[in-house]
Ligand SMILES: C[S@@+](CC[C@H](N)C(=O)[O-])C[C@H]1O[C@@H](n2cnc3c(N)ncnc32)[C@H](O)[C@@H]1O
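Just the one chain here, laid out as C-alpha cells, in the form predicted on its own.
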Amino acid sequence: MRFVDLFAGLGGFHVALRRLGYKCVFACEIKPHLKALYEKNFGLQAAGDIRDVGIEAIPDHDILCAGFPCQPFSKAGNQEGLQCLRNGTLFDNVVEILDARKPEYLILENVPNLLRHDKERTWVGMRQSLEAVGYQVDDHRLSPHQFGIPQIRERVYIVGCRSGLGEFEWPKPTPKTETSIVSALDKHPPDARQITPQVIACLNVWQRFIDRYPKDVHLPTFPIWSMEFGATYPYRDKTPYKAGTRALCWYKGSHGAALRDLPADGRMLGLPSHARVAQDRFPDWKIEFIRQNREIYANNRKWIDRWLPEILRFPPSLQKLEWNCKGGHRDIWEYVIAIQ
C-alpha cells in the first residue's frame, strides 16, 4: 500500500509502515533540519508547510498518517486548541486532504490531552469532521512502556477506515518485562573508572543504614542528609546567617555537634554546607528537605545514634544518599554497575 506522511518529524510512521512493505509517496515537514534528516534517512525530499502545498501535489494513497502539531492541545502549552493562530487549523488541512484523496485508512497521533481539551468538545468536533468525510474512527491511548520499551510517553492514536473498522482491535500491552540499563552498556568500556576503596567503604556504611531502616516504611525518596541528624540550628523562619554567629552557640550543627565548642568565627563551618549561605531565608525546597531529615532522625534516633559515627570519617559529599529505587530491593550493590 501507498501512504503519505504529514508533519513527518523524524519519520516514526515511515519506519513502521516501511517495515510492513508499504511505500511512502509524499511527506511534509516544516522544520528544515528535520527535512534534511528525513531525506537522509529515507531518500525522500519532504515538502514544507502543508498550508503551502496544493491538493494536486499530493498523490493518491491508501493510508494517511499525520502527527499533527500537539502544542495547541498539550497541558504544557496555552491550550488554545483549534483557535491557535499558528497550528490550530492544521487539522483542517488533514480533513481537506482526506476529503479530496479519499484514502481507505488514516492513522493520527497527538498528546492524550487532545481527548479532554475544552471539556472534550475539541475531540468531539474533530471526530465529527472525520466522520463527515466518510470515516469510521476510534481512539486509544498507548505508551511505549506497555510494549517492552523503557520509555513512558503516552499518546492518543486515532485510526479510521472508509469501509468501517470491522473487527479491528487495538494492540494489547505485552506482559511486564524486566528491563535493565546494563543491556545498553558496553561490556568493556575503555574509559571505565574503578570504584575507589573509599566509596566502596562508604556504600557499605549506607547499606548498614538501609538494613536498620524500618522494614514497614518506604525508604525516603528525598535526599538523605546525614549531617541533619542531630542538628538543631534555625532553618524555618531564618537562616544561621540571619541568626548570627553569637546566637549559634545555643544550637547544634552537623551531626549534632555543639556549635558552642567552636570559636565564633568558625561556627558557620560547623554547619552543613547547604546551611552556610548568606541568605535571610532558605528556599522552600531546602526547608522541606531539612524538616524531612530531622523527622527521620526524631523517629529513628535510637539506632541512628549507633550508626552515625560510621559516616563521620567520609567527606561531606559521601555523607548524603539518594535512594531512587522506591519499592526495589534494599540492596545498594544490586544497583551499582560493576564490570568484573
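Residue indices: 1-based, along the sequence shown. Quick caveat: nothing in here was measured; it's all calculated off a predicted structure.
One more form of this protein should be noted, the form predicted in complex with this ligand, which is absent from this view; the next part is about it.
A.B. asks: Answer with one of L34, I58, I304, I290: the residue that has a non-hydrogen atom within 4.5 Å of this ligand in the model of the complex.
C.D. replies: Of the listed residues, the single hit is L34.
A.B. asks: Only one of E39, D280, D49, E295 has a non-hydrogen atom within 4.5 angstroms of this ligand in the model of the complex; which is it?
C.D. replies: Comparing distances to this ligand in the model of the complex, the residue within 4.5 Å is D49.
A.B. asks: How about C28: is it within 4.5 Å of this ligand in the model of the complex, going by heavy atoms?
C.D. replies: Answer yes; at least one heavy atom of C28 falls within 4.5 Å of this ligand in the model of the complex.
A.B. asks: My question is simply whether F7 lines the interface with this ligand in the model of the complex - judged by any non-hydrogen atom within 4.5 Å.
C.D. replies: It does: once this ligand is placed as it appears in the model of the complex, F7 has a heavy atom within 4.5 Å of it.
A.B. asks: Taking heavy atoms and a 4.5 Å cut-off, does V95 contact this ligand in the model of the complex?
C.D. replies: No, V95 is distant from the partner.
A.B. asks: In the model of the complex, is there a heavy atom of this ligand that lies within 4.5 Å of any heavy atom of L90, even though the partner is absent here?
C.D. replies: L90 belongs to the contact set for this ligand.
A.B. asks: Tell me which of 49 to 57, 296 to 304, 280 to 288, 309 to 317 has residues with heavy atoms within 4.5 angstroms of this ligand in the model of the complex?
C.D. replies: Selected range: 49 to 57.
A.B. asks: Taking D62, Y105 and G160 as a possible spot, do all three reach this ligand in the model of the complex with a heavy atom inside 4.5 Å?
C.D. replies: Judged in the model of the complex, none of D62, Y105 and G160 sits within 4.5 Å of this ligand.
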